[in-house]
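A single chain, nothing else alongside it, follows as structure tokens in the form predicted on its own.
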């Protein structure tokens, strides 16, 4: 009888090793129990390398499955952030139109406008809560350092958690200020004076925007460095490192005092 093993197929004492061990590992399902020791057959097939090969394949399969799951989740966050932006634009536009209508007549239609705006705002809150929940799951360290909302913005601008994890701290520091950066670099290339931006969307964090202007760049650099480390841990290991957010808080307190 033929049996599927993680490294190939077994048929009446003979073994056919799969050309794709990862695929074989994922598809080694049998409808009946295997009446022999897979490890014994494996050791006869691979010799002393059996367990090291098994470990390597298992780690690669696990990494690919985790990466595939992260891709789905971070794409979901990105889609939600963009949907949130559209809803915010719609709410702002409708509130402007409501004011225009009320200047002329404050009747039933104005009340209906107000009700629809309230529904949109309620839906906006649901989307924000969903973003926060998913961010805590896929990027706990980034969320702990800058908060789920700002973390989601960084993720959306980067394009994926993988890309954010690959960015150096200097790039993370100016995410959201690309236009100003390119403009400044262009002026510098032409020999003109220009000020390069010290921070992008991370300026929204209270640890940066509440500091005196002369200290914001220093805080932004430090925070970007910790975000860079946190994003890598989130992507490659997924475990929380509470020291990162604590170090950011202590840095802010030192800069606030001095």
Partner chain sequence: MRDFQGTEIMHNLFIGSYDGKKRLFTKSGYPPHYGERKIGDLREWMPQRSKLGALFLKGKIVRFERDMKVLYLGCASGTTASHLSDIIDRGILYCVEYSAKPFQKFLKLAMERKNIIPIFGDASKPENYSGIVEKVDFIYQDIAQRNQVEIFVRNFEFFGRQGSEGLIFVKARSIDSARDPEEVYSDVIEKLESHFKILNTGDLLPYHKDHIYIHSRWRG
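Superpose the two forms; the largest set of C-alphas matching within 1.5 Å is the rigid core. Positions refer to the first chain, counted from 1. Keep in mind that what you see is a predicted model, and the values were worked out from it rather than measured.
What follows is about the form predicted in complex with its partner chain, which we do not show.
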task: Give a yes or no on whether every one of 39, 62 and 237 sits within 4.5 angstroms of its partner chain in the predicted bound form by heavy atom.
output: yes
query: From the list 116, 136, 157, 149, which entry has a heavy atom within 4.5 Å of its partner chain in the predicted bound form?
result: 136
query: Which one, 211, 201, 229, 54, lies within 4.5 Å of its partner chain in the predicted bound form by heavy atoms?
result: 54
Contact flag, residue 11 vs its partner chain in the predicted bound form, heavy atom cut 4.5 Å: no
- prompt: Hey, in the predicted bound form, is residue 32 touching its partner chain, heavy atoms inside 4.5 Å?
  reply: yes
message: Please tell me whether any heavy atom belonging to residue 4 falls inside 4.5 Å of a heavy atom of its partner chain, as the geometry stands in the predicted bound form.
response: yes
- request: Please run the contact check for residue 249 against its partner chain in the predicted bound form: heavy atoms, 4.5 angstroms, yes or no?
  value: yes
message: Looking at heavy atoms inside 4.5 Å, which stretch does its partner chain contact in the predicted bound form, given the options 103-111, 121-129, 81-89, 137-145?
response: 137-145
query: So, does residue 243 move by 2 Å or more at the CA between the shown form and the other one, with the core held fixed?
result: no
- prompt: Does superposing the core leave residue 232 with a CA shift of 2 Å or more between the shown form and the other one?
  reply: no
message: With both forms fitted on the core, check whether the Cα of residue 211 differs by 2 Å or more between the shown form and the other one.
response: no
- prompt: Are residue 134 and residue 26 closer or farther apart at the Cα level in the predicted bound form than shown, by 3 Å or more?
  reply: closer
